[in-house]
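Quick setup: the structure tokens below cover two forms of a single protein chain, split into structure 1 and structure 2.
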Structure 1
């Protein structure tokens, strides 16, 4: 199968999955009890004419299949709808908050990746005592919920020892505790996956060759084994996206930090469905595209996969 045909197939599959996701979102909007027109008009009792007008403007008075068609049409043009509570286009709302969340996710991811690399290089297939300790700590990290880590860091580093700001803030020091919390949710899994990959790579003949040429142990690991240990990380990148997004919801809530996650948490509590479905559809799109990119990378890295259909 040629690269072009593969790409077309995968893009079509992504469109199908996104159409499914949009249908789920539409069903969610339809199933939510309460009249959205009244929600939009707010708490004061609106006149029936007002309600009728809003219903007509937003096409709530049309048959469901027509509404579905309009919904999909708007999505295709990039219009995610309007928030019930904030009366703002969902796209603009997300755009305003995206930078703060992206910064958090990137620093969290980079911290986790760096820490996991250090752990894997230092303990893969050597230093049995340190390796056991590291594995134990990783299991603890996997078993610890993000909101507890956040609460602990906040209690001790911010409230008791005054090392970092308690809430809000936009400077780099306000980013330390939130991204550390987010990173701790990833580092356990990353370190386990990378150690396993590195231990497998260290058994390969090319490592023996590198050692025979006189490379030191750490340089052999960094220059030859590390890139093999990174491949399984690409495999779980879908999981990473999910962990970063769900992590952002919790982390931004506990640190009262601006961002998409906090908007999302507030929207769920107030059942502001257009915001919830908007964020979720964008995440699903990002997730599908990343999965596609990963499979594409695999085809480049491992030519044997070019035989398979997907």
Structure 2
């Protein structure tokens, strides 16, 4: 199977995933208690005529299969509807906040990957005491709740030492504490996966050959063993998209940052269902595209996979 056919197949799979996410979101809308028309009309006490008018305008008075067809039809045209509370198009509302969340997620991922690489290269197959210490710290990092880490970093680095902004902010310094909070749990997972992969690679004959040619230990680890540890890391990186997305909700709330996380939290609290649906679909799309990129990276890191499973 050619690369073009593989790409078409993955794109079709992405469409199926998006359709499934949209169906689940629609089912959630139907099962949510309360009348969406009353939510749209706000806290005032609307008349029955007003409620019926809104229900008719938004097709809430139509049979469920008809509502589902209209819902999917709007999504196919890129129309996510309007926010019940803000009265803005959901697509524009999410688009305004997407870059802030993407920047936070990318910074957190880069921070976690850099720290994990340093730990894995320094401790894989040598320095037993340092290796045990590193593994203990990684276990603590994995087990520590993100909201507690964020509160702790705010207490010391913002409130007590005044090194970083307490909340919000738009400069690079405003990203330090949120990205560190988001990255901490991932560092432990990444470091353990990379260390195990490197230790397996260090036992392979090609590493002995590289050492016999006069390569230094650090050079052998970075140029040869590290590449073979990237396959499991790439796999776990695709999985960690969910951790980044869910962690962003907590981090953006703690640090009062603009982003998809805060929009999602506010939409759930106010039962702004179109916004919740839009965020669900965006998350499904991001997850699908990143997993497609992960499959592509497999073939870059290990050329043997380019022909198999295509």
Partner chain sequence: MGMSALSRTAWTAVPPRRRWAWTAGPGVCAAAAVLALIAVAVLWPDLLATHPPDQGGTVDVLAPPSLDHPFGTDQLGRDVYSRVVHGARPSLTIGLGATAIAVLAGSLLGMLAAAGGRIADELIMRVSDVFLAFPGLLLSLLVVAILGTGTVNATLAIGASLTPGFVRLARGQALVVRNSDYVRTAITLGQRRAAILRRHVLPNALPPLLVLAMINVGTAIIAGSSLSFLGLGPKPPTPEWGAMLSEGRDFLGIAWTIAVFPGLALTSTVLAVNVVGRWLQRRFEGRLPSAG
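Rigid core here is just the name for the largest C-alpha set that superposes within 1.5 Å across the two forms. Residue numbers count along the first chain shown, from 1. Computed from a predicted model, the values in this text were never measured in an experiment.
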Name the structure that matches the description of the form predicted alone.
-> 2
Going by the rigid parts that rotate relative to each other between structures 1 and 2, point to the one of 254, 222, 284, 89 at the hinge.
-> 284
Could you check how many degrees the smaller rigid part rotates against the larger between structures 1 and 2?
-> 8
Residue 50: Cα shift between structures 1 and 2 after core superposition, Å, came to 3.0
Superpose on the rigid core and then read off how far the CA of residue 296 has moved between structures 1 and 2, in Å.
-> 4.7
